[in-house]
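Subsequent text provides structure tokens for two forms of one protein chain, presented individually as structure 1 and structure 2.
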Structure 1
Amino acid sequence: MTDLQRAAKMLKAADGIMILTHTHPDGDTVGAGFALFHALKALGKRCFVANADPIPPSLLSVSGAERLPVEFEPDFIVAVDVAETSLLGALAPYGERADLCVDHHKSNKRYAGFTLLDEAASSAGEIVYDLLGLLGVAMTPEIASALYAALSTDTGCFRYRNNTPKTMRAAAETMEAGADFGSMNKIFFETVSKERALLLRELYGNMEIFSGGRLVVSFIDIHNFPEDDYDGLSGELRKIEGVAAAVLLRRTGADEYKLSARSNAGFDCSALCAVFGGGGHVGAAGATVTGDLADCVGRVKAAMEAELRRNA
């Protein structure tokens, strides 16, 4: 473990920096990663952002054009919003050599040489925001837009329980510094692709509400749409009146499902997902479940009911 001051000192001393972001990139890993990238470039550092998967179209405006060149061999590796090396996909070998990890997940595996972990932070972007002043970097419109993407998406446009007054103050500063928040809000929260609409139909068509209306589970068997169309689907189920927790099982292979859990107060998604070898936050977590669909749904329902009783 390390603190902000030591992490900033490490980054100031480093060069040839690779910034690792997780597979199926979301707004936090991309926004935090590129905010750090722009900050380090302002310090004259040679650095690149690396991801095993393509950046979703919705995030291209904040990700920048510079990507990892084939010939780049890093002297310093920092992972951003990556709780474990398996989340790096083909870049996992670099994760095993990571010098620093900047993260907010309590399930972080402490794989890096030093871990800057703040479980109270809304996002990795909020931690990068804290680093800016210690790095002596002014917030440019590029940095501000990247940070706003991280802050807004990981808090569900500032609606989730992980949102705090500090988060709001950070977001206000990004807006004052030139973040294109109007356009990003439209893209992130008010635009739905045709593929997303079809997934929503599948989501609601397959849902099962049980335990007296307190729990809901659904599954999706469509797996050939763009990755960002799947983001936040379990959160849609969490909106149902009276629901404490919602789980979505999405097929990712033969007898393999990605479990995404979201909850309201009184239910620990991280504890639920730990049953299946996963983890995350109290209000949002994930895991992988294997077996035929009926078996997976049955085991997930039983685990959800057990967690609901534990919190009763």
Structure 2
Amino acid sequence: MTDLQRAAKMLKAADGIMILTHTHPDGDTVGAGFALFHALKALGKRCFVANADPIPPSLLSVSGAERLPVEFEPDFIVAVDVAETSLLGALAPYGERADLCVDHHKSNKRYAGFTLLDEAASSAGEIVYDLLGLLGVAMTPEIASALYAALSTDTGCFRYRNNTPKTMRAAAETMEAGADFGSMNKIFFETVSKERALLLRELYGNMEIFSGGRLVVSFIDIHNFPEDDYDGLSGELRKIEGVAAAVLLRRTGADEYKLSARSNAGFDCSALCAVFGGGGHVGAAGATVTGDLADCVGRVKAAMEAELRRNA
């Protein structure tokens, strides 16, 4: 029996099922979770999705109004897109009792009774898609929309390296089955919050391209916007043609900045961040820098130039 078949068998035998999604919910945990929810409902099971954090407005069309009733005591627990129980926040105690985990993260901690892990899958949603057939559930428009949300968001709309021909065909099937992909694409990929627009103003307005166009630094003074609005800002600077590395300083206190470094080939962000007591990976790392802004920017630029020379 394959792992997929085993997971399907467990779900078919179960009832009173709690589906766990992770904190800071994204399109994959919500989409995969609700696709599974609708599939289990279609099999006549009692079933609820328990969200570790409130669903963001952009995903409410996927989740609908389903909420965990306070008195629901699960007989079977399945975690979706949750690599470790610490990602469950207040629901962590349920995670520790999880019977099944459906995940695509290599880093999965194997905390569940059985872990259906497919690292080659673009998303947890893609694994739920695989389960549908084995569960004998047809793809309704509700399931299709939930799966499309998972597949599209975890691949940056079919653009990242985790996107595969299989992902594309699964998405094609959800589109045919009634996924509301037009509206979702607009909400997920064509909408910028006002706060984000104001952060972009600071990002580009304070941008300094130096070292012959090989390095970029910028800073953001606004510190009280929703956390999601700050996502990926240093990555926007890394996209600039010819740039080896980009650093964004974001104010976190009176004289304190969070440093995010992102690089293309030939620049080690973790070495740069080590200078400031931080760390991370070659392509992405972070640190905390203290001092007044001009001083911080100056030290960061000098360290970036030194790291660029070291890699030359």
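Residues are numbered by position in structure 1's sequence, first residue being 1. Note that the rigid core is defined as the largest set of C-alphas that superpose within 1.5 Å between two forms. Treat the numbers as computed from the prediction; the structure is a model and nothing was measured.
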request  = Assuming the other structure does not fit, state which one is the form predicted in complex with a further copy of the same chain.
outcome  = 2
query = Just checking, between structure 1 and structure 2 and with the core aligned, does residue 122 shift 2 Å or more at the CA?
reply = no
key: Cα displacement of residue 281 between structure 1 and structure 2 reaching 2 Å, rigid core superposed   = yes
request  = Report the hinge rotation between structure 1 and structure 2 as a whole number of degrees, treating the chain as two rigid parts and superposing on C-alpha atoms.
outcome  = 29
Angstrom displacement of the CA atom of residue 215 between structure 1 and structure 2, core fixed = 8.4
task = Using the rigid core as the frame, report the C-alpha movement of residue 205 between structure 1 and structure 2, one decimal, in Å.
result = 6.5
